[in-house]
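Alright, two takes on the same chain below, each alone as C-alpha cells: structure 1 and structure 2.
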Structure 1
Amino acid sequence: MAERIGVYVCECGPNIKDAMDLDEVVTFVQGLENVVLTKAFGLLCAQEGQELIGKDIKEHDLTRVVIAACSPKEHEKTFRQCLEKAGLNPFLLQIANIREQCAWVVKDKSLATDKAKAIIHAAVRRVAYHEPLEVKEIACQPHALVVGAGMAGISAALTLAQKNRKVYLVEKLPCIGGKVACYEDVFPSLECASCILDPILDEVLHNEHIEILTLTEVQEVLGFYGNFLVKVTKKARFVDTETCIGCGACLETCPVTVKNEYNEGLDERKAIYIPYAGALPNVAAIDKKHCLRWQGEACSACREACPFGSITYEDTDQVRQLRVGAIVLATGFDLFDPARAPQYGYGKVEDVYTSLEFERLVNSTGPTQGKIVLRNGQVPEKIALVHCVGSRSGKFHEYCSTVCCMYLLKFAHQVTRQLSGVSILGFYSDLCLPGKEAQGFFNKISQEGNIQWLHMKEPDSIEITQADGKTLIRFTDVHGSPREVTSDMVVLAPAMEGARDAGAMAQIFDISQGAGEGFFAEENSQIAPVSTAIEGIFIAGCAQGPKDIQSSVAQGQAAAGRILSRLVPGEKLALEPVTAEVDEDLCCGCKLCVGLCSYKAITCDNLKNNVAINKVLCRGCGTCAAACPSGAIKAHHFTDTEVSEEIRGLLRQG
C-alpha cells in the first residue's frame, strides 16, 4: 500500500516566508509521489501548529509526516511528541531544514526557492522508507558510585544523596577531603580552608544515604548505564573504626618512622598513623608495608598502647560488589614533577619547593606548625615564586593550569602576614587572572607587601642553581636581556596533571584520556563537559582538567544533576531507539567495528564468529555501519536505503 505523506511548510515569521516563494514551494511539493496533503503555516512549533498537524494525521489518515522548518536540533523532539499524541509512531517523521540550510544562507530568492524544493523532495523520498521504532525501557539501579572524596566528589555525593538512593563514596586514602584538606587558606577570600571544609566533611560522614569506603580502590566495572556492577577492594586498616577515637597513644610507641607523604615528605610519620591533625575520619591506620609485624618481627607496641583495644591485626582486605546505576569519577590531580626539568633545581638545590610542599609548610598542622623556615631552620629573608613550571611549554604541557597565579598570590600574602620584612620575587611570563574577583585579589596582594615582579621572556626562561650557599636564579627578561638574582627560598608552581593512577582508572572504566596530560576526556568540551563516551560514567573536578575549588564543586553538582535527571528511584530507564543492529548471517567476524565503536557497545562472540551490539550502550552514531565491509550492520533510522533516497531527492531524481 502506498504511503500517505503530509508535508507542512513553516513560515517561521519572516525567516522563511520572506526568503523564498512559498507558494511555488507548496505547489511543487503537492506534485510529489505519495504526498496527499501539503500546507503552509505561520508557526508550526506553536500550539496551534501542533494541533493542526495532530488533527490532520487523524482526519487524512497520514502515515508519514515531513516538517519543512528549522533545524531538527531545535524542534524535532517537539514534532515527534506531536505525532505520538496523534497515534503515529514518532520516528515516521523527517525534518527538512529550510531555515538554517536555506533561508538564512541563500540570499537570492529564486535560488532559495529551488534549494528548498530539493531539501523537501529529499525528505519526502527518505521518510517513505522510515521504520517505526520503539522506545524500550529497562529496570535500573538508582544508586550511584562516586570515586574520589575531594571537593568535586563530595559535592557530587551530597547532591546525589536523596531519599531512596544510596551513594557509595570511594576513597583510596584513609581520610576524605582531598588536597583542599591540606591547605591553610583558600583564594580569593583567604578564608581558613578547614573552616570551609570541616562542616561539609561532617555532613558527609553523618549522611545516612552516603556510605564512605576509605582505603578502597575499584578493581573492575561491568555492565552499562542503569546497571553497573563494580568490584572494589577495601584494604584492611587494622584499626577498629568504631572504637578508635584518634587519641594518638599508638603513634607514640611505634618504633618505625617513614617519610610522611601527607606532608609531602618534609617530615616523618610512624607505621601506624593518622594522616594529619584534623583528618576525617579521625581514626588511625597501619601501614602494612612498613609495619614490623609484616616484616617478620613480633612487634605489638601499638596494640599494647591502645587503651580501647582498637588494634586488630587480624583484619583482612574485603572485596565487595556494588550495584549502581551511574558513576562519577572525581579522582583529582597530581603535580608535574619539576625534577623532569633540571633547570629548576628541584631535588638538587636545597630550598626549592613545589607549591604543595609550601602548602604544608605554611599549614598549622604541617611539619613546622605553619612556620615558614628553611630546611636548616632559619627564617628566609627573600622568597622567589616561579610561575608556569612545566606549563605553557611545548616541551611538557602547552596548557595553562589556571590556578597557579592565584595561589602564588595567596602564598605572597601568607609570607607577608608571617614575615613582615621579607622580600618576595615573582617570576612570570604572563599572568592568568580569571573570574570576577581575581584582578581585585591581585591588586590587593601586590600592594600589601614587598613584591617585585620580574617579567620573563618565556615561561621557562629561567635556571636555578646553588652558588656560595645561596640559591642563584638566572633568567631572561621580557626584553631578551640575561639577568640574575639570589634568593633564600624558591617556590615552584608546577603544572596540574591528571592523577598518577588515572591511566589505570581509564582502563578499568573503559574511558579515554586527553593527550599527554592524564586528564579524563569529556564527551564534548562545550556542551557535555562532565560526560564521557561511556553513558552513565561522568567526570568532575580536576579529573577532567585544571580548575579551582569553585569550578570543581560546580562540576560535581553538574555530574550529579545529570544522574538525577534520568535515574529516578522506582522508574525505568528509557533507551535510545536509534541504534545499530547486526545481521549474524552476513557478519564475517572481522571485528573492524569493535575497535571503531567509541561507546564500547560492540562485543565479539568467538564461538559464533560474529559481533553483537549492546542496545543499551549504542548511541546510533553509525560508525560501525559505515565501516562494515560486508554490510552486516544496519543503522536504524539511517539505513542505506533511507540515506540513498535522500540523496536522490536532493539531486531531484525521481
Structure 2
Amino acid sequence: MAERIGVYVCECGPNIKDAMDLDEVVTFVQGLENVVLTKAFGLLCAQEGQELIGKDIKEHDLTRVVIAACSPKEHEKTFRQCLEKAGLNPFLLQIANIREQCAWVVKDKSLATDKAKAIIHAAVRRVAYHEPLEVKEIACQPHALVVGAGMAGISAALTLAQKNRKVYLVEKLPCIGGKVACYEDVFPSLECASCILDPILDEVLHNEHIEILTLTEVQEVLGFYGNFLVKVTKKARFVDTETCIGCGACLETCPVTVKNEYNEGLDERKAIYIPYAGALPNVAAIDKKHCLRWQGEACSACREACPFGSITYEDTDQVRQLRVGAIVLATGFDLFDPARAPQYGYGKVEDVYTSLEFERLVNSTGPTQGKIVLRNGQVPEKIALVHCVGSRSGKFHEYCSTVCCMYLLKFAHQVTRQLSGVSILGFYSDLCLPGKEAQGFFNKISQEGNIQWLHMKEPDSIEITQADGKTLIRFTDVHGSPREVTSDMVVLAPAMEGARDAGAMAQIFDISQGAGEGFFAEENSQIAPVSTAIEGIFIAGCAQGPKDIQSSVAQGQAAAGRILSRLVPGEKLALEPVTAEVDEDLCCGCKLCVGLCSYKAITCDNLKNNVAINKVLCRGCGTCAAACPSGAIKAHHFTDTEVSEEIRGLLRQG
C-alpha cells in the first residue's frame, strides 16, 4: 500500500488536549506506516480547521484522511464534506473517536494517551484499505398504494388523486365501499348510507388517477419510503369488467346455491354473484370454490345466459408488481365473535343477531329487503339491544369500541320507524356519548320510541337463553338485583377488532399490532396517529382502532396529506452507499444468506446458481457477509480486511 495518509488530531479546546499527552500521540502517529502528515489543531470542526484539511489534501496529495477528534456521530458528515470539497472521495476518511470514548472517560493521562494511540493506530491501518464509494440517487416514486377500499381507504385515495397522484386502490372483495356500503342509514344524521357513499364511490370509479384492483391481495412488500415494490395477486373474476353491466341474467341460471357472506350468511347467493344489489363496481364474479366447472363438471349455464359474452372461464390469477412511494393500510375491522362468550346465546338462541347482521336485515338490499322479521318470518314485538359484547371487561377486550352506543340508537330509530308499537330494551352498563353530536342524538332517539333502558351492574352481567319458544334474558341490575325479561329478538353490539387478516398484513408490511385486538400500532398515538414505525407506511380508519365514519375519513385524508407533503415528484432519494455485494465468481449458491436479510434484498438466481444483492434494498447491516461461508459477500466500508486491520491497530503497539 502506498497511500498518503494525513492525520489530524483535534485538541477540541481543552477537552482532548488536557486529557492526554498530545505530543506523545503526534510523535507516535508520525511513525506509522503510510502517514505522511500529522497535525494537532485547536478545533478542527471550525472553519479554519476544515480549510486547513482541504488545503493539505491538495498540497500534500493526501489520499486518505484520519480525524482524531469527537465521535463520528458529531462530525463525520462535516469532515466527509470537507474531503469532497477538496476532491477526495468522502469515504476515504476515518474518524478516531478520542473524545467521547477516550478523553472524557479515561481520567489517568498516561492511560488516555495509550488508548488514543491505539484508536488512531486502528484508524490509520483501516483507512489505508478504504475504497471510494458513490452515493447513488434514484427518483422517488410519487405513486401510492391504498389497501382497503372502505371509507378510510377511499378518502385517502381521493385526496391523493386530487393532486394527480396515481393511486392503486387494492380491495380483497369484489366490490368497494367497505362495511359502510352494507348499512342502510348512518348516525347521527340518519342520512341513508348510499346517499352519502354512492357519489364518492362513483368519483373513485371514474377517477383517472385511481386504479381499482378488486379481488386483490398483497403478497409481498420490498423496499422503503419513496421506493416500495409491492407484489399483489389479483384473483380471477371470470367476468369481463368492461362488458358486464350487472344485469343479473347469469345469476338466475346458475344451478349452485351457497350461503351469502355479503348478507352475513342470512340468505343465499349463486356461485356467480353480485355481492348485494347496488354493489360497485356492478359486475358479477364467479366463486371458483363453488362453481361446478372447478368441481369437474361441464356447466356453462352462466356463459349461455350472458347477453354480452362477458363470462371468461379462461381468466387466471394475475400477479402484479406495483412500484409506489408510500402505502396506506385501511383494512378496517371485523367484529368480536360473540360465540366466544356463550352467555350471549349467539349461535344457539335463534333470534340473536350481531350488529352487522342486523345492518343487513334492516337494509333494503338485504336478505329481507329491509323488513325486520324473525327467522320464522313473524314481526318482533320486543327487541333487545345489548351493549358492550366482548368490550370493557377483563375477559375479552378492555377497550370501548366507541361507536356501538350510537349505532344501537340508530337501530332503535330504524326499528321504531318501521314497527310502530314495538318495544325496545336497551341493556347497558355505561353509555359512551362524547363529542358535539352524540348526547343530542341520544336525547332525540330516546324520546321518539318506546325504549326501556335496563342498567346492568357490569357490561357482561347478562345471560341469554331460549325457554319455551321465548328468548329469556337474565341480568343483574345496577343495584345488584337479579332480573329477568323476555324478548323476541336480540341484537348484540360486539367489540370491534382489527380485520381477521390484519395479522398476516402486519407481517407482510412489517408493522406491529396491538396484542389481542389486532389493530395496527401507530407510531405515536398522540402526535403521529396515522404513521407506523416503518417510514412511508401509514394506517387509517378502523385498521388503527375503533372509530366512526367521520374519524375514518379524517384519518384517510390525514395519511394522504402526510404523503403529499413529503413525497414530492421529481425529488431524488439518496441510496445507502454502505451496502453488501456478492462476488459471483465466489458465490456457490448455498443460499444461506437469503433468509438472513431483513429487507429481502438477497435473491437467488437458481439458473446461474448464485445470489445477488439488490443495492436499492440493501441497508448495509453486514449480517449476510458475516454468515457467508465462502467469503463471497463483501460488506462495503466494513470489509474483512478493513475490520481485521482495525483489530490489529487496536491491539498492536505501532
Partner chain sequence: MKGFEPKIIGFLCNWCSYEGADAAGRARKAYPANLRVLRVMCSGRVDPQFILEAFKEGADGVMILGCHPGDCHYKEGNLQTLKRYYVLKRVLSTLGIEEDRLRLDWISAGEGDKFVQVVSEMTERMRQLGPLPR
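Just so it is clear, the structure is predicted and the values come from calculations on it, not from any experiment. When a residue number appears, read it as a position in the sequence of structure 1, where counting begins at 1. Superpose the two forms; the largest set of C-alphas matching within 1.5 Å is the rigid core.
Of the two forms shown, the form predicted on its own is structure 1. For the motion between structures 1 and 2, the hinge, where fit shifts from one rigid part to the other, lands on 572 out of 441, 604, 572, 535. Treated as two rigid bodies, the chain between structures 1 and 2 differs by a rotation of the smaller body against the larger of 40 degrees.
In this core superposition, residue 139 moves its Cα by 2.5 Å between structures 1 and 2.
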